[in-house]
Structure formats: structure tokens, C-alpha cells
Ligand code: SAH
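Just the one chain here, laid out as C-alpha cells, in the form predicted on its own.
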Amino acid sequence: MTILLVIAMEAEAAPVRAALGLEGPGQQLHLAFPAHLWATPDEEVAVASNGTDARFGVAAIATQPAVTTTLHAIEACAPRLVISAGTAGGFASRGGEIAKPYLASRVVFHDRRIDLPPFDRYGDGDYAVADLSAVATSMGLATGTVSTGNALDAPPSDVAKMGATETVAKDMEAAAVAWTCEQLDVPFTALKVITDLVDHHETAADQFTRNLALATKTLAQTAADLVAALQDNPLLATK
């Protein structure tokens, strides 16, 4: 009955682990990669974090580490559901606010521009997301499109694409986690909490730095509440 949360940054993962009662150094998932896994004693809930990049000494963020972490974590714990959990940019024009949580109803890429059919659809991704609308309603969680790219900023072409998909949360991992889950036929969703507003005059970096602590506090509580709400969900009864 494992629910697996895949999280990029330790700054995001540590509060979530604390809220779920996960302690200790964790288990390194693969000798060649920095990702670690923590699980509850009954193995019903697990958290995988990308860890720190050995060469650059920073959190291993974005799509490449997301794929390897998700792959190795799924192999390690055979989850019934994977949740890409973390922080994201939002849009004030679509109701976004700092520290507002969203549960994904759709997951796409916004920076894989391949103007050559049918590669254009491959670039967009548009991966299957578990229908947790009833859970979202019961928890009072907003839902919407989560869009993934490998840049912190958002040039006009990305903003236009996110407008076309009515994106509410712009992140750097969810679609990569979703792609991995699709290959392995594991149900997927994403939980994202807003640290910065894309349509704000301040830079994303300045907003992110100022609001990270508040957003991760919300992420931790919301993730714990979501896990509790999912314990008896029919989605987890069969694989």
C-alpha cells in the first residue's frame, strides 16, 4: 500500500519527512546517484529525495534527477501511487498566491518545443494523472495544470504555452516523474505549493528565496494530510 513522494530539494523534503515521522539518514538508492529513500516502519509511506549533486554541490533539481530518483525508488518500494511533491511558481492571474497548494489535474511540459508533428505532442507530454478530485474537494485543495520546464525563469514562449494549458503551477520535475510512472504503469499525481508568482514584477529567484520556508511548511502539512486522506482510497487497493 506504499504511497511514494518524490521530492527534489532537501529543503522541501526535510519538513515533509518530519511531518510524516520519517527519521534517520535514509537509504541511498543507487551508488552512482545521490538520491535517498525513507520509509515508515510499515512501509506504507515513503519519501525519495534527489539529494545533492556531487559535482556542483547543490540540490539535484530538474528533470534528469527526477527520472532516476523516481525509477530507483519505484524499484525499491513498488508503490501504488507516486506523488511529485514540492514547490512551484504560480500565476496571480489564475488565482495563485504564495504558499497556496495545488493538486494536479493535468501534467505537461512547457519548454519542449518540437515544431514537427507528431513530435510536438511528444514534447508536450500531457501525462495521465490519477483522478483524486474527490480527495481534493474533501481537503479543500485547488486543482489544475502543473507544467514542467528546466528553467527557473519563464521567457515569453514558455508563458504563452503555460497560458494555453491554463497552468496553475510551474515546476521543474513533475512531468519527468509522470513520464517515468507512465513507463512503469504506476498511478501518479503532483502536489505543488507556490513560492513565487510568474506574473509578478519581482524575479522568481527573489520571491523563491523569501517564500521558501513558508511554502515548505505548507507543503509538509498538506502532504501529511493528503497521505492520511489517501489511506482508504480505492486507487490504492489494486495496482
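A residue's number is simply how far along the shown sequence it sits, counting from 1. Note that the structure is predicted; figures quoted are calculated from it, not measured.
Quick note: we don't show the form predicted together with ligand SAH, though the next part is all about it.
Only one of L37, I61, V67, L184 lies close to ligand SAH in the predicted complex, with a heavy atom inside 4.5 Å, and it is I61. In terms of contact with ligand SAH in the predicted complex, the residue from A164, A78, A92, A151 that brings a heavy atom within 4.5 Å is A151. Of the heavy atoms in M172, some are within 4.5 Å of ligand SAH in the predicted complex. When ligand SAH is considered in the predicted complex, S49 lies well away from it, no heavy atom lying within 4.5 Å. At least one heavy atom of M9 is located within 4.5 Å of ligand SAH in the predicted complex. Of the heavy atoms in F208, some are within 4.5 Å of ligand SAH in the predicted complex. With the partner omitted here, the stretch from 175-183, 192-200, 40-48, 26-34 that lies within 4.5 Å of ligand SAH by heavy atoms in the predicted complex is 192-200.
Scanning 81-98 for heavy atoms within 4.5 Å of ligand SAH in the predicted complex gives T87, A88, G89 in sequence order.
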